[in-house]
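Just the one chain here, laid out as structure tokens, in the form predicted on its own.
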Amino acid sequence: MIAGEWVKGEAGKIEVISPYNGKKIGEVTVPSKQQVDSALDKANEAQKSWGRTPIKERSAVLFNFRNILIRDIEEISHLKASECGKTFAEARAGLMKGIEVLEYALSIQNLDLGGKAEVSRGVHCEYRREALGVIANITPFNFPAMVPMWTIPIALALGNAYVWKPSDKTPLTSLKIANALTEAGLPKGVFTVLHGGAETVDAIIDHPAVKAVGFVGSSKVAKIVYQRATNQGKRALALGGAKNHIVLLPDANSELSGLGISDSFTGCAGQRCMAASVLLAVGNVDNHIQKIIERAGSLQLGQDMGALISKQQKEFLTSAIDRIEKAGGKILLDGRKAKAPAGLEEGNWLGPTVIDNVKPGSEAATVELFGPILSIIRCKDISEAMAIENSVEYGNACSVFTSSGPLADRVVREASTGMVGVNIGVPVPREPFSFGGINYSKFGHGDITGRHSLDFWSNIKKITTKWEVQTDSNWMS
């Protein structure tokens, strides 16, 4: 979408293949470098008027957008599921989380009103929040609506023009969201969608009108995007991968831990940066592990759990399981043997897999596999568990399952992550609490959502005024 219109790209096309059945379900075209430059020039022009529009009027457009998304939630969720492999329930939940961020953005008009105070005799200081201009966001395949919806509402509410480069594996959802914004009354040019791969990303980042870049994806690419943007003096916040740990203690509630840990590593077929990857089993917790296996083993592919994004990812994961087993891992639940749904045998299916006796420092313990695989590392005590957690370069999330408040608080204090859960397998904060990891899981400062995101997507202008000479002046006057 360029200046509010869908334009055929001049640099080729992308076929969209459904993970469910391996069949083509659509295609999009890729813009040329010249088309990208033209789109960003038009976005820059459109932003000037949008940035001057009062925030209450901008919010009215976003309120319309919210209502359209709710109206079309079934249709959009089915499309999301078809192109990224999620179950319908997961696709719908992801869109609802995006709408939650949108509802937070609608509150900015009432909560972020600036500030003014008389700081000395006859002298007043105030601050006003102003848009950056044109901002860009590059999003991953696994959440084709939720992750972009982390930033679209907030950036637009603050008066920016928004340029979106969705994943080349899941571009179709962007068409629905862009059309919904147009229907909501967003002025032409304020929202732009540009498809493609690395060439499109580079052209977007390099354009002088782009003032800030957001990214969610692998840490390897996140670092590249961050460096390319910041080397040009632009703001960048690039969220990367993860290797999340769950500390399981003997006093945990078996039902709670069995459900929470199983759903954490199997949800979205393990293709999310908040999924549990490593279970740090402290002491004798075999009864809890059995509950995890029972829950995960009961899931039906295609109904309770979705498909992997591509055949290549399935091949990578099955090979990884083979390697882990050869290295001494004990397969407690083998997803390689899971049965594909009837009629969808050509899809990218892998069942939940639980592997015991994994060694710290091994591939299973340190590499982000991005699939429904839970690796168990046996630990003699909580100190050993936290040492292992701290040794991994990532720092997205960590959880603990326990009935002890002091032990839970110890994990919260010692975990080298940006997000921690207590008896919660997927500790995603709810608005206005912001999302973001640390260490190798994030490049840049601040968080991408919530109240901490406002300063990233805007500038703060400070104004100091004085109108007359004060007879009782002092050094501050």
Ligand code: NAD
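Numbering starts at 1 and runs along the sequence shown. Every value quoted in this text rests on a predicted model; they were computed, and no experiment measured them.
The form predicted in complex with nicotinamide-adenine-dinucleotide exists for this protein as well; it is not shown, and the discussion that follows is about that form.
Peer 1: When the contact criterion is heavy atoms within 4.5 Å, does residue 257 count as touching nicotinamide-adenine-dinucleotide in the predicted bound form?
Peer 2: Output for residue 257 is no: heavy atoms all beyond 4.5 Å of nicotinamide-adenine-dinucleotide.
Peer 1: With heavy atoms only and a cut-off of 4.5 Å, decide whether residue 218 touches nicotinamide-adenine-dinucleotide in the predicted bound form.
Peer 2: Close contact exists here: in the predicted bound form, residue 218 approaches nicotinamide-adenine-dinucleotide to within 4.5 Å, heavy atoms only.
Peer 1: Considering only heavy atoms, tell me if residue 240 and nicotinamide-adenine-dinucleotide come within 4.5 Å of each other in the predicted bound form.
Peer 2: Heavy-atom contact with nicotinamide-adenine-dinucleotide at 4.5 Å: present for residue 240.
Peer 1: Residue-level contact is defined here as any heavy atom of the residue lying within 4.5 Å of nicotinamide-adenine-dinucleotide in the predicted bound form; does residue 138 satisfy this criterion?
Peer 2: Heavy-atom contact with nicotinamide-adenine-dinucleotide at 4.5 Å: present for residue 138.
Peer 1: Residues in which of 331-339, 367-375, 67-75, 173-181 have heavy atoms within 4.5 Å of nicotinamide-adenine-dinucleotide in the predicted bound form?
Peer 2: Stretch 367-375 is the one.
Peer 1: At 4.5 Å by heavy atoms, is each residue in 167, 198 and 201 next to nicotinamide-adenine-dinucleotide in the predicted bound form?
Peer 2: Checked in the predicted bound form: all three residues contact nicotinamide-adenine-dinucleotide.
Peer 1: Find the only residue in 265, 162, 150, 401 having a heavy atom within 4.5 Å of nicotinamide-adenine-dinucleotide in the predicted bound form.
Peer 2: Here the answer is residue option 150.
Peer 1: Please pick, from 155, 273, 190, 261, the one residue with any non-hydrogen atom lying within 4.5 angstroms of nicotinamide-adenine-dinucleotide in the predicted bound form.
Peer 2: So the residue touching nicotinamide-adenine-dinucleotide in the predicted bound form, by this definition, is 273.
Peer 1: For the heavy atom contacts within 4.5 Å of nicotinamide-adenine-dinucleotide in the predicted bound form, list the residues of 219-234 involved, in sequence order.
Peer 2: 221, 224, 225 sit within 4.5 Å of the partner.
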